[in-house]
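Okay, here we've got a single chain as structure tokens, the form predicted on its own, with questions on binding and movement later.
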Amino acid sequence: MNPAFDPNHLRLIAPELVLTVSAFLMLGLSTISDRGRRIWAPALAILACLTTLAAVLAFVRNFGLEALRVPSMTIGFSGMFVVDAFSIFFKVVFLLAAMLTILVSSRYLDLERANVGEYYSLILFAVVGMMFMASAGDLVTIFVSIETMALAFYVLVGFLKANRKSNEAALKYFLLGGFSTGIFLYGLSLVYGTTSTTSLALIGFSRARMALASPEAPIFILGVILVTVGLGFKIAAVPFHMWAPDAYEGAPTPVTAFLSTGSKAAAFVVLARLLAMSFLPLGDRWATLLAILAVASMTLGNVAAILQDNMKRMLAYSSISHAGYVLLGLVAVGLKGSVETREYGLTAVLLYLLIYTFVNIGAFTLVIALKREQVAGDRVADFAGLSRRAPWAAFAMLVFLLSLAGIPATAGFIGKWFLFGAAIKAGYAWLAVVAVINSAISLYYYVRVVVNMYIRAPEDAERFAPSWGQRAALLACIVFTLLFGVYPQPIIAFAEKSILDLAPWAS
């Protein structure tokens, strides 16, 4: 067995070390002087993310592989940390989400008169936790990295100290988050108690040996259920979604955008690793559980969104429904079908989470850009007449909403096509039908926003003037949504290559 610490393993966590040092540096600099902070703080945070992204992509170059090729699995710290194609894919997603969030935050913080000193550091610390989640090869690593991310988000959600909604949202999120952590940790203890290992790679083998003596293994099954419940809270799947609407509404809007994309993607990373590597012997059972969660999430999320007049709450319930869509891909992974079906399901999950990150942050960016002095800009009515005040912004929001609904020629259509196809390939055609019906339902509340933008008269004549950072984020999101809506092959190929090391059945 490899020693617990090998200096050579430090290169595996080089990106995380770069980001951690950058976060502490920003935290220290913020205590020195306020002069120019609103300019240098986001610039330094973007630079930290770009440097970390270069360190992540350096793994591809170090292995001497060509474009869109990724390294084979490399294990360090006695199996507790893994660098593979799967982890690299999601680290890129997390860093892109963080950079987009940073770009749209500066002006928002100015309007809220919030201290920016620790804000960007907390975003970077949250990304550190997400990156360790992507590379977790052990139950202990998973737990520590989840808590690292969660603690940063607890503070970010309540960052507006003078805002009662923000304080209330943070308190609810913290209390329910602590409760879900207890459930998750208890599930991990049951899995460890029945398999005598915390290594993700060994849990499945241990369970396979156990099956000879105890085919049912009720304690192990209970552990799997509790772990799924704990992660169900992180992805805001029904019935573990109670925190999402209040947290999304009360949190600073840039934090809401990051929470709905980066945090959700990180939880799905852990869920995919556990299900594909550790819990695969019970695949048929947890596939049924995930199918039930998917139906409940899609249906309740879309129906509840119809009743919302607040854009942040509407997008919160929309986010719940999208968690249900992503679960379709994981259902295909658990079934004892062909290798092709399982790989297709994992590819669909990766592809959709990447697409959803850009589309959802793009939609939230328009909500952020509408904020002005004494005007929150987060009501559906605030979008009234946007096509007359800023035609390009109204067009961008139209594209994002159509993409969320899965309309062709947008990236969202490609993502849903793969997810629905995964359910059909897995023999869950009825689940795909439910998903299509829910997508049709979602059109109703998305179209409500479109009607406000293009048909109703504006409530005021104030000029729509987003900041340069918001313009840059909008441009990146709209280009991604349209470009990969008509030419998705590059991201499809990247997603397909990124699952090979995670899929033990493929070897």
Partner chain sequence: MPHWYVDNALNLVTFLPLFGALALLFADKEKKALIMHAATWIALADFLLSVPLFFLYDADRGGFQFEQRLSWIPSIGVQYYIGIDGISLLLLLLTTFLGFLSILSSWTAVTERVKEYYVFMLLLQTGMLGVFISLDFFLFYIFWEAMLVPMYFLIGIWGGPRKLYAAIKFFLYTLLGSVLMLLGILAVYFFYPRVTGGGYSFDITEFIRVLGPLTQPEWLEMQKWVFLAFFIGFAIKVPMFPFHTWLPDAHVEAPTAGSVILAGVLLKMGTYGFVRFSLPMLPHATRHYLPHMLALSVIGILYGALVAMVQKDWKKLVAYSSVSHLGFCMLGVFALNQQGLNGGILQMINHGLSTGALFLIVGLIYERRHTRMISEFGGLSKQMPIFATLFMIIMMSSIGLPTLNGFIGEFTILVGAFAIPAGYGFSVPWLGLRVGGMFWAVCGVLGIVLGAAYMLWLYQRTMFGKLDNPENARLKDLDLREIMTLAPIVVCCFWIGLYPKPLFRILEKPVAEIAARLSAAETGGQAAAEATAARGALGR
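Quick caveat, the model's predicted, so the values are computed rather than measured. Numbering follows the first chain given and starts at 1.
What follows is about the form predicted in complex with its partner chain, which we do not show.
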{"item": "Residue stretch of 385 to 393, 84 to 92, 173 to 181, 157 to 165 approaching its partner chain in the predicted bound form, non-hydrogen atom distance within 4.5 Å", "value": "385 to 393"}
{"item": "Close approach of G421 to its partner chain in the predicted bound form, 4.5 Å, heavy atom", "value": "yes"}
{"item": "4.5 angstroms heavy atom contact with its partner chain in the predicted bound form for E496", "value": "yes"}
{"item": "Its partner chain contact in the predicted bound form: S439, any heavy atom under 4.5 Å", "value": "yes"}
{"item": "Heavy atom of I292 within 4.5 Å of its partner chain in the predicted bound form", "value": "no"}
{"item": "Listed residue that, although its partner chain is not shown, lies within 4.5 Å of it in the predicted bound form (heavy atoms), from L44, A55, V450, I478", "value": "V450"}
{"item": "Selected contact from L335, I407, A150, V380, since only one has a non-hydrogen atom within 4.5 angstroms of its partner chain in the predicted bound form", "value": "I407"}
{"item": "Complete contact of F24, R38 and Y108 with its partner chain in the predicted bound form (any heavy atom, 4.5 Å)", "value": "no"}
{"item": "In the predicted bound form: members of 477 to 498 within 4.5 Å of its partner chain, any heavy atom", "value": "V486, Y487, P488, Q489, I492, A493, E496"}
